[in-house]
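Presented as structure tokens, the chain that follows is alone, the form predicted alone.
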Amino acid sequence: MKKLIIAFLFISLGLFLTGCRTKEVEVPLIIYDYDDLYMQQFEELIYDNKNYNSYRFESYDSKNSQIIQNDIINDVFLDNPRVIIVNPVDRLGVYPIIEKAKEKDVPIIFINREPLKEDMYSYDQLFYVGAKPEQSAIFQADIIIDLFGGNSYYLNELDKNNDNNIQCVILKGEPGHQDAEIRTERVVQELTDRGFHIDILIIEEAYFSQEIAKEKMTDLLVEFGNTIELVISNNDAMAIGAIEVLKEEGYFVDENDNGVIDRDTETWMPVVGIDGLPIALELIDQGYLSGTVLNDSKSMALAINELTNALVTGEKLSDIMSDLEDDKYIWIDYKKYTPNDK
């Protein structure tokens, strides 16, 4: 009889303790498009850098459609989430999302694509974690200047026609996308302001896509051929697409077949990107990609997790988020990555 009573007490205690445990909160992580290589890496890092037990992520793919993203958000709000994380399809299309969150009194963390300032300040529980696109363009300009010798009056041997101008093509991301517009305009402005003469042969929109960039680069080689002295890409995916075509067309020649392009003795063309994808870093080590600008996704992922935990648990943001600017923004600095910056 005593054994039965003791067993019953243990079972009851176990059930009581289980019931007292804090239930893990589900936090929707709504990605604009799973096909985006950068967002694939970013999502993985967000999961990998989760150091809290107060919540778990549930990912959703918006398939690069604002309509699909709006439907997803309407569905997740039915479950009364504690907080949602949104990578917008269109930064100009976030207003209805914000209004829905205000109605439900749910905090939103926007990532990767920054909403307009007036939208950011329309709701006090709205946050953005990301990097400033103009900084990436400035660092990309630094890489280009170093490539061409650092002196605007005397370009090095990469100036193939010796006209002291840099003939370039620009692979632009999605038209109207904030990062694409700023990166395109600012890299040219930065080079010009520092005395370098830039002859833009064409700006081609490749929608941040490796496959579209391959198609565009194939056409560009037919149109401009050897007059191209530099390929500037808004992101690594498009840069990789361009490199694949350049390799096929003989603009990169690994003569000793060792898997690495020796810039002193072998044929190559300067291509620069932005993001710091793992495959892009490998291509830099192999001599195919001249440089990239690291979008420090790991630090962003840590900041996202820290902010999410604070919002879920109700901690004071001021106690843990010293880097929160205007109670809205967490900015993560870019970093250059070239063979000399490794």
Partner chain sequence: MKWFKQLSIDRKLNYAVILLLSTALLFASAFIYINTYNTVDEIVEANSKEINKQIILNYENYFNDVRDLANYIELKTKEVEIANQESLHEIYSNVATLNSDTITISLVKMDGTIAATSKLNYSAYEDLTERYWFDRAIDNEEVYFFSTPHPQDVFVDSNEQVISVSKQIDYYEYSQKYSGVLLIELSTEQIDTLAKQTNLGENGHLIIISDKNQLIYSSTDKCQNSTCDSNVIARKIIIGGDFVSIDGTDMYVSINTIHGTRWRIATFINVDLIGSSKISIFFLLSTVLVVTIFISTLIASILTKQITRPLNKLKEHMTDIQHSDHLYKEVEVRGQKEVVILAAAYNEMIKEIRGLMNQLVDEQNEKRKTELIALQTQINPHFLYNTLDSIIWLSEQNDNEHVIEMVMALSRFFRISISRGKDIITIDKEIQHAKYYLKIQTIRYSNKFEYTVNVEESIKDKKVVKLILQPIIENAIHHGISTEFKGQIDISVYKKDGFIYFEVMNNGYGLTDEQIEEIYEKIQNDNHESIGLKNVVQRLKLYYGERSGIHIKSVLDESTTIQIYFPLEKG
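Residue numbers count along the first chain shown, from 1. As the structure is a prediction and not an experimental result, all values here were calculated from the model.
Another form, the form predicted together with its partner chain, is not on view; read the next lines as being about it.
Proximity to its partner chain in the model of the complex holds for all of 89, 119 and 185, with the criterion being a heavy atom within 4.5 Å. Only one segment in the set 172 to 180, 149 to 157, 251 to 259, 222 to 230 has residues whose heavy atoms sit within 4.5 Å of its partner chain in the model of the complex; it is 172 to 180. Though its partner chain is absent from this view, in the model of the complex it lies within 4.5 Å of a heavy atom of just one residue from 99, 266, 163, 211, which is 99. Exactly one listed residue, out of 59, 40, 66, 313, brings a non-hydrogen atom to within 4.5 Å of its partner chain in the model of the complex: 66. In the model of the complex, its partner chain lies farther than 4.5 Å from every heavy atom of residue 128. In the model of the complex, none of the heavy atoms of residue 286 sits within 4.5 Å of a heavy atom of its partner chain. Using a 4.5 Å cutoff between non-hydrogen atoms, residue 215 does not count as a contact of its partner chain in the model of the complex. At least one heavy atom of residue 207 is located within 4.5 Å of its partner chain in the model of the complex.
In this stretch, 267 to 295, not one residue has a heavy atom within 4.5 Å of its partner chain in the model of the complex; the partner itself is omitted from this view.
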